[in-house]
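This document starts with one chain, in the form predicted alone, laid out as structure tokens.
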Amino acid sequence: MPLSTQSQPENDEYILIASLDNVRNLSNILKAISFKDHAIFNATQNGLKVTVEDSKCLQANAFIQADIFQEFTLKEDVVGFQVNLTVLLDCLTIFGGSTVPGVMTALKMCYNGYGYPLTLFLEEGGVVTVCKINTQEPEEPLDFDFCSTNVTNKVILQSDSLKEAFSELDMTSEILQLTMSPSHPYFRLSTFGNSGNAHYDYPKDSEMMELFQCTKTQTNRYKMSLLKPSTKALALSCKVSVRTDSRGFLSLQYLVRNDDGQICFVEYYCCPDEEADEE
């Protein structure tokens, strides 16, 4: 790791140190959940969990495992803080996020505890930039109480097929209707927009369908405005798991491979549209 400048304080000052040879392995996954300014960081020995929420109806979580980092040191069981995600991403891409082969920006991210800033040391081509971002005490993330025992329906799709569906559906529709069923139509996406009603069906034996586990017929509606942020994660992913529970809550779990081929996960939870349910 080339970040060994005199401007860096001693490592023993920090309760969290996370280093990457390629900052894109962090910045890309954070872009997949950047739909609100503030993000809650939660560090454990397993790695980093970053949470972003919107109006108590949508939650996105990015999971970056500890072994993704070249160094991941944590001196407490759990370290949490809240930070402005927009500012953080601006800092992480301060060198322009180069995609030139062989040119990488290295990162060392350090945190010294409550009341201290998040300190970033970024190095590219021998030039080191130090950024300090104010942190706040983390708010308690919403508990969507989405547990596997309450999951009624689950499918795993190749992401390309879902990207194709979103490109064909009418995005002027205020809602997306999702039907999952053990019988026809199995897995259907529906919109009701300016150009009329549109449906996109997946047969359960489709080669794009890696897993089909549906125990009962469920039709739920979700606000399109809440689902649109998840398309950022969809664009980066290679597979997506779609699950609904007995309450109609939706879980979209995206499998994302970083530049080094390592696997990270981004998960979105979305509440069903109650107004549509009442109609």
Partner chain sequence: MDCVTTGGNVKVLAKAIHSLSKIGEELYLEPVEDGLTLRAVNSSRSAFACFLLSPLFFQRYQAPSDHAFRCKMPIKSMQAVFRSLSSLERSVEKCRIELNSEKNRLTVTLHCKHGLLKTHNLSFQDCESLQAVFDKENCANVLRAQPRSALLFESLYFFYQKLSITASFSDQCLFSLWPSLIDYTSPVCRLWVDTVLHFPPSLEEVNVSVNGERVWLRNHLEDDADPSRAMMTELCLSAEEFDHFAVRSESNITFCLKELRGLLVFAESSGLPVSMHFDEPGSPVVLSVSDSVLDANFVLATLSEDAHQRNHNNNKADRREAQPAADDFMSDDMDSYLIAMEASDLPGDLPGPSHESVPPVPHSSTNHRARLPSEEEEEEEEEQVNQPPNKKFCSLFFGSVLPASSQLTNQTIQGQEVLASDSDDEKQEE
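Positions refer to the first chain, counted from 1. Keep in mind it's a predicted model, so treat the numbers as computed, not measured.
Below, we refer to the form predicted together with the partner chain, which is not included among the displayed structures.
Heavy atoms within 4.5 Å of the partner chain in the predicted bound form are found in exactly one of 238-246, 60-68, 207-215, 40-48, that being 207-215. Shown here without its partner, the chain carries Ser167, Ala198 and Pro203, all of which come within 4.5 Å of the partner chain in the predicted bound form through at least one heavy atom.
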